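Next up: just one chain, as structure tokens, the form predicted alone.
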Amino acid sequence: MSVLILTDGSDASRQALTLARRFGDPVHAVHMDAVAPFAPDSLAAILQQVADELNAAAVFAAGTDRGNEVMARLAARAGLPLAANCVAVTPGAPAALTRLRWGGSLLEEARLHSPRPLITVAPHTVSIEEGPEPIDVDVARFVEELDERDLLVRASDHVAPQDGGVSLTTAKVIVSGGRGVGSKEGFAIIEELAGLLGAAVGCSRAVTSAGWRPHSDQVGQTGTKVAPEVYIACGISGATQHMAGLKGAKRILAINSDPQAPLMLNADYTVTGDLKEVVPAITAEIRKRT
């Protein structure tokens, strides 16, 4: 039986594709930009019609903000359950699932009783496996038949990052600051180090709550989930919701005055000390070597 996937071409979508192949062959793809600007109800309507025509065995998407939003609307339309943020799936009646709960601190083993499983795959949790590329679905006629009500909710504008810098989602290196930075102005040393490393600037939820940085900079369960080669955490304690955003980080360097802070205990490398002294020292050493 065929399988349907909603894709944006990202690594997260390719991870979802890896699990989708287990449910059938061939895999057909509807692209996230099939409706522009982004309109989740429209994409959900298209997915439902395509899935019905193909008699799809399952529908998959990456567990990104947009992927989860569209799939939740598809579930509501179809009257079917949605299993979100899965990390492993096994076809069957019912399908067996492993999914992230409580910000990634708990793995739940579950069974999905559904004639057509709707599944999103948690980003940065599945190794991408090579295999046949999905077959693109020609959605032109479905787009033409969309109801105007399906276009009521749509993206009206895109706001670029204030600093025009590197995106958190694609950054190879991220320099992130927490409450320990002390103030909005205190992020100057974080930005300077990030600039030298060609890195993105991130922050914890406490920082955005204080108004020191925009929400777009927040890393965590309620922010952006990242997968850099190196994540440098400065003055971040390491609450569960923040750690949920770091599952994909290859290496973590933590700088904190408290050696028992949760993030210090989970990092690959640690520096115990005042970040206001340590970060400038790292910056000065990098400048010497460039």
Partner chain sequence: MRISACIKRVPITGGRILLTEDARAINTQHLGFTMSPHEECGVEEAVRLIEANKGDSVVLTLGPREAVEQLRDAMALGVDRGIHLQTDGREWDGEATATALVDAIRADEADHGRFDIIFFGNESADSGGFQVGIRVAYALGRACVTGLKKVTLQGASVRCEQEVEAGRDVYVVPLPAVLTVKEGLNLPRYPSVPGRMRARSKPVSVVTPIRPDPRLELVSLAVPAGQGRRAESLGSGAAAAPAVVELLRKAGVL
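Not measured: the values here are computed from a predicted model. Numbering follows the first chain given and starts at 1. What we label the rigid core is the largest C-alpha set whose atoms superpose within 1.5 Å from one form to the other.
One more form of this protein exists, namely the form predicted together with the partner chain; it is left out here, but the text below deals with it.
K.L.:
Is it the case that Thr7, His31 and Val166 all touch the partner chain in the predicted bound form, with a non-hydrogen atom of each within 4.5 angstroms?
P.N.:
Looking in the predicted bound form, the three residues Thr7, His31 and Val166 all stay beyond 4.5 Å of the partner chain (heavy atoms).
K.L.:
To test your reading of this chain, name the stretch in 121-129, 176-184, 71-79, 138-146 whose heavy atoms come within 4.5 Å of the partner chain in the predicted bound form.
P.N.:
Going through the listed ranges, the match is 71-79.
K.L.:
Can you tell me whether Ala188 touches the partner chain? I mean in the predicted bound form, with a 4.5 angstroms heavy atom cut-off.
P.N.:
Output for Ala188 is no: heavy atoms all beyond 4.5 Å of the partner chain.
K.L.:
Is there a heavy atom of Glu53 lying 4.5 Å or less from a heavy atom of the partner chain in the predicted bound form?
P.N.:
The answer is no: Glu53 has no heavy atom within 4.5 Å of the partner chain.
K.L.:
Going by a heavy atom distance of 4.5 Å, is Val201 a contact of the partner chain in the predicted bound form?
P.N.:
Answer no; every heavy atom of Val201 is more than 4.5 Å from the partner chain in the predicted bound form.
K.L.:
Would Ala83 count as touching the partner chain in the predicted bound form under a 4.5 Å heavy atom rule?
P.N.:
Looking in the predicted bound form, residue contacts with the partner chain include Ala83, since a heavy atom lies within 4.5 Å.
K.L.:
Check each residue of 253-267 against the partner chain in the predicted bound form and list those with a heavy atom within 4.5 Å, in sequence order.
P.N.:
Contacts from 253-267: Leu253, Pro262, Met264, Leu265, Asn266, Ala267.
K.L.:
Fitting the rigid core first, would the Cα of Ala210 be found 2 Å or more away between the shown form and the other one?
P.N.:
Yes; that C-alpha moves by at least 2 Å between the shown form and the other one.
K.L.:
Examine Arg179 after superposing the rigid core and state whether its CA is displaced by 2 Å or more between the shown form and the other one.
P.N.:
The answer is yes; the displacement is at least 2 Å.
K.L.:
Has the Cα of Leu275 moved 2 Å or more between the shown form and the other one, judged after a core fit?
P.N.:
Moves: yes, 2 Å or greater.
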